[in-house]
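For reference, the chain that follows is the form predicted alone, supplied as structure tokens.
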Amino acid sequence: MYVIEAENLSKTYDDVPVLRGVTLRVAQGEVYGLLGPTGAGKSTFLHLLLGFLKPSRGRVRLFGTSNLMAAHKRVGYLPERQIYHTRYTAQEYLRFIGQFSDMKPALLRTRIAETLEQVGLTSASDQQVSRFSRVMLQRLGLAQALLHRPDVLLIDEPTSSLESAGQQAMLELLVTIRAQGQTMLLCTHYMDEVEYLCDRVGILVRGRIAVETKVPHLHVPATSAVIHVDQLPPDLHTRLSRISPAVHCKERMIVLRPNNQQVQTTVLRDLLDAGVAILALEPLERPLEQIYLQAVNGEAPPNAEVLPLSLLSDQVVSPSTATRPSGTGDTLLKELLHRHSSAGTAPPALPDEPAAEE
């Protein structure tokens, strides 16, 4: 069963195309990564799935229905930037959010306690949101998305505002949630997140899915590698260089290009025999990185395992021509205001308190 279906989905703001015929499907229990640079249209795609925006062309189905509002109770959403009323504690905030669901008070209390524990905020449940760090705020945002036990989780740039330790903590939390069989659609511009979390990846470039592939297909040996060492003596430098033309030595590193098991084993054995401290062995490039760069540059995919879903040749727009509007938030707000103006109703009230920053 497909939880998410988008077919030929397009969205244009003021005659500027943002999405240009996106087609993708996410199966139940699958974690799908939508990877693309900032401004590629990832947030717009999520807003179309949620019904916040109406497509210019194409259609969206959630759980087999095009009635997106009816499907909302089965969807959890973590936006890139969440707005909080800072006077609330974490527990009070989730109680407020939970009132919009059909949960009875006793069940809501249980769910709040369970969800705070799930995201690691139990000890901060009575702490005001104004005192939360950025990673705590992101955990709270994930808690509100999980509170009603959704069947699918839509996640927009979950680590973009976090420092390294916070990014790792957030990813580990998402891995835990994934292990419970949760269906997810992750929008990100970080390749590490896709490789760490996802079953499949689609690369969104200039409003189109340029390439789609299964992430396990990308877990292949690197064609080139680098060995970092503490210090490479001159005599060992000469000896290693004679092993093969693929071995390129520098003062503190040995580059293997192309890399193969026999050459790599021989080099490592000589280093160990000479008592040289090996600091790291790393690939020089990753398959996903190569595919991503080729997609961004409008080139064909590098091998048959990658499935091209669309070609960009006649749709490539130079970055210098500024194909994006001023920002997804601006365009979303503009469309919502336009809708209310057309309907003769007042626009929704904005929060009267600023979001917590730290």
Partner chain sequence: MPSMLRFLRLMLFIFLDYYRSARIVIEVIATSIFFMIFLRSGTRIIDAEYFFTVSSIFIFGLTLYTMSVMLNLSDRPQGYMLLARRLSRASYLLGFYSTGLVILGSVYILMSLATIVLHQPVGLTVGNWLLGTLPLFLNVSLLGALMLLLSPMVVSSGWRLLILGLIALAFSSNFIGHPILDTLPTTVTNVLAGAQTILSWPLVPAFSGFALTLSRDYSGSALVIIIAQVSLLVTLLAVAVYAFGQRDLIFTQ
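Residue numbers count along the first chain shown, from 1. Remember, predicted model here, so these are calculated numbers, not experimental data.
Below, we refer to the form predicted together with the partner chain, which is not included among the displayed structures.
Novice: Quick one: H189, A280 and P283 and the partner chain in the predicted complex, is every residue within 4.5 Å by at least one heavy atom?
Specialist: No, none of the three is in contact.
Novice: Only one of I243, A274, I97, V226 comes within 4.5 Å of the partner chain in the predicted complex by heavy atoms, so just point that one out.
Specialist: The option sitting close enough to the partner is I97.
Novice: Does at least one non-hydrogen atom of Q144 fall within 4.5 angstroms of the partner chain in the predicted complex?
Specialist: Yes, Q144 is a contact residue.
Novice: May I ask you to state whether D126 is within 4.5 Å of the partner chain in the predicted complex, using heavy atom distances?
Specialist: It does not: once the partner chain is placed as it appears in the predicted complex, D126 has no heavy atom within 4.5 Å of it.
Novice: Any of the heavy atoms of R20 lying within 4.5 Å of the partner chain in the predicted complex?
Specialist: So R20 does not count as contacting the partner chain.
Novice: Check whether E92 has any heavy atom within 4.5 Å of a heavy atom of the partner chain in the predicted complex, and answer yes or no.
Specialist: The answer is yes: E92 has a heavy atom within 4.5 Å of the partner chain.
Novice: Where, among 168-176, 243-251, 197-205, 69-77, do residues come within 4.5 Å of the partner chain in the predicted complex by heavy atom distance?
Specialist: Residues of 69-77 come within 4.5 Å of the partner.
Novice: Heavy atoms within 4.5 Å of the partner chain in the predicted complex is the criterion; list the residues of 153-180 that meet it.
Specialist: Residues within 4.5 Å: none.
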